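Next up: just one chain, as structure tokens, the form predicted on its own.
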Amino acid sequence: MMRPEYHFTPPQNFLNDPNGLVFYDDEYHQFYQHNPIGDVWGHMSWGHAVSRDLVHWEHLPVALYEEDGMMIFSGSAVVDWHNTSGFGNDNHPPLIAIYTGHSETEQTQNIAYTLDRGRTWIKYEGNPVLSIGAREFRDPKVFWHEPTQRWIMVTALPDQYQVRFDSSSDLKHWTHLSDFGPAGAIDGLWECPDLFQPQIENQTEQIKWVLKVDVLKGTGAQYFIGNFDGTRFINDATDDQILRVDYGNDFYAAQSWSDVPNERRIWIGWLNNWHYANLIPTSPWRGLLSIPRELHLRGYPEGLRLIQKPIEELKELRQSLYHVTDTDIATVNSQLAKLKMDISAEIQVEFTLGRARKFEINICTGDAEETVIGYDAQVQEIFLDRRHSGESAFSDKFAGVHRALLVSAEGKINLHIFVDSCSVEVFANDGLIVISDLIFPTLGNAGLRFYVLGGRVRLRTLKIWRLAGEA
């Protein structure tokens, strides 16, 4: 399998959750769950890479290794600007990694620090900094809460379907504040929480918090919108409401960067699924991350909703291939048949349905292969069908169709699609709905065509770029 052009992959071996995402001294740090000695899960450590634009990455040595029977599970990182930990000084703030130490009997929260921009790390000799005697207690997300002038740690209590909140003045000593949950989806273990304040589109005064939590072997990821007062999170909705982050099968363990300039909130997720994470047909690497996505809240009649948009920096990679406006499907298909497509591409399309019952975009087409992105007007659903997308025999959990309700505004739909060698990410109606899936098409199958059932569809805009990157 060809390595992706613009999605992050490790040089070799296994990757899963993104960890320790932090911006410092003009560098984005990206750590990730990593097996440094094999291409399946095991010997969990923190791999490491840095970037100045979130697009081009420099691979660095493994930051935190498994040691003395303790694996380094997921966590976060912060800049200790005021040197509350005492590891640095006011003129040279340390970076602090907060991670779960995993043994056969217990999961605990631990810290490590660096004074050389993340190039070398020292594990705190007083670890663990937080232990509750539990086997299921992990994935700390830590941030500085300005109103209360203290650090907040958000962790998952997976088998209790709860998120736990603790506070600290120095990152070393922690006090339990409250718990949230069960709520929303509880059809799988809760993992990888994140808590942040995204900007609300077209508003400057209202403040809301988003609490994201993943549901292992369940819905994938869900989020809650509410208020956090420095002690507890209060959900705005009823506890039975489920708001999904992504409607595909392969977006998990997303984490947002700390300390990003201009109050941007950007996150990235693991493009994979535990049903087949150890089996996907890639080598010498196994596992990749999504494109980075900028997050906002947007108001709708039913309330605020999380919006995900591809970061602007990805435009650096564009090489224009095709651009038409206000045309019909037959004309476009005729022109696309003559176009030399690249599997690593970005597609923007806006269309008006008219009376058509179904509209489809068939990508990565070839002999008996295609991935179908479509809209079914009869049930008002967007879908991604990967049943014939290429290699899938490695798991009976892989082939399938993933759907989401999407009500069109006056019959108009817009889709923003990112295709790489083994993935598709679809952003519908300006980021309201996202579907992310792996695919494994045969090398060279990069065709593109449109299909309409039961009426006419007018293409208002179609833009296609090749994305030439270095992930």
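All of these numbers come straight from a predicted model, not from anything done at the bench. Numbers follow the displayed sequence, beginning with 1.
Omitted here: the form predicted in complex with a small molecule. The next part is about that form.
Heavy atoms of Trp41 reach within 4.5 Å of the small molecule in the predicted complex, making it an interface residue. Although the partner is absent here, Gln12 lies well away from the small molecule in the predicted complex, with no heavy atom inside 4.5 Å. In the predicted complex, the small molecule sits beyond 4.5 Å of every heavy atom of Arg164.
Contact between Asp250 and the small molecule in the predicted complex is not found at the 4.5 Å heavy atom cutoff. Contact annotation: of the candidates Trp174, Phe359, Phe233, Phe73, the single residue with a non-hydrogen atom within 4.5 angstroms of the small molecule in the predicted complex is Phe73. Comment: the small molecule is not present in this chain, but in the predicted complex one of Gln33, Gln30, Ser436, Ser421 has a heavy atom within 4.5 Å of it, namely Gln33. Stretch-level contact analysis of 165 to 173, 320 to 328, 188 to 196, 205 to 213 against the small molecule in the predicted complex, using heavy atoms and a 4.5 Å limit, identifies 188 to 196.
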